[in-house]
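Here's a solo chain for you in structure tokens, the form predicted on its own.
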């Protein structure tokens, strides 16, 4: 049953993102920011915690889960360290995910090369 809930909740988040791409003029970057901010707001309001308990990875893996984790980390750090926790808590809570993203991006860049779509040779540059 856990897998079913994870699939349904995670799939709903993905479906909402696809609808936003198809039916609005929002760019993927704006959708990404909207999802992260939504996770922060829902986490701060205490609404996202029951969703995480129900769906597990279906709620923590999407971008809303990243925002929720940021809010949770900030809340914990503020109660432990005071106001300075608002600056450090989010990074502490998400350090593993951020580090993994940077390392995997580096590996992908090394394996797949630069990513220039147009390869200009020295001759073609001199001609133009």
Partner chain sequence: MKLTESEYGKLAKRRAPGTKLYKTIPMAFLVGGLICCVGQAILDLYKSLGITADMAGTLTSVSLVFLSAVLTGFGLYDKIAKHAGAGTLVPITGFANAVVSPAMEFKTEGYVLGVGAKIFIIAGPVIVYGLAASALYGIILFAMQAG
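Values in this document were obtained by computation on a predicted structure and should not be read as measured data. Numbering follows the first chain given and starts at 1. So that the term is clear: the rigid core is the largest set of C-alpha atoms that superpose within 1.5 Å between two forms.
Not on display, but discussed next: the form predicted in complex with the partner chain.
In the predicted complex, the partner chain lies farther than 4.5 Å from every heavy atom of residue 51.
Contact between residue 102 and the partner chain in the predicted complex is found at the 4.5 Å heavy atom cutoff. The closest heavy atom approach of residue 47 to the partner chain in the predicted complex falls outside 4.5 Å. Shown without its partner, the chain has 37, 40, 44, 55, 56, 57, 58, 61, 62, 63, 66, 70, 71 in segment 37-71 as residues with a non-hydrogen atom within 4.5 angstroms of the partner chain in the predicted complex. Once both forms are overlaid on the rigid core, the distance between the two CA positions of residue 108 between the shown form and the other one is 2 angstroms or more.
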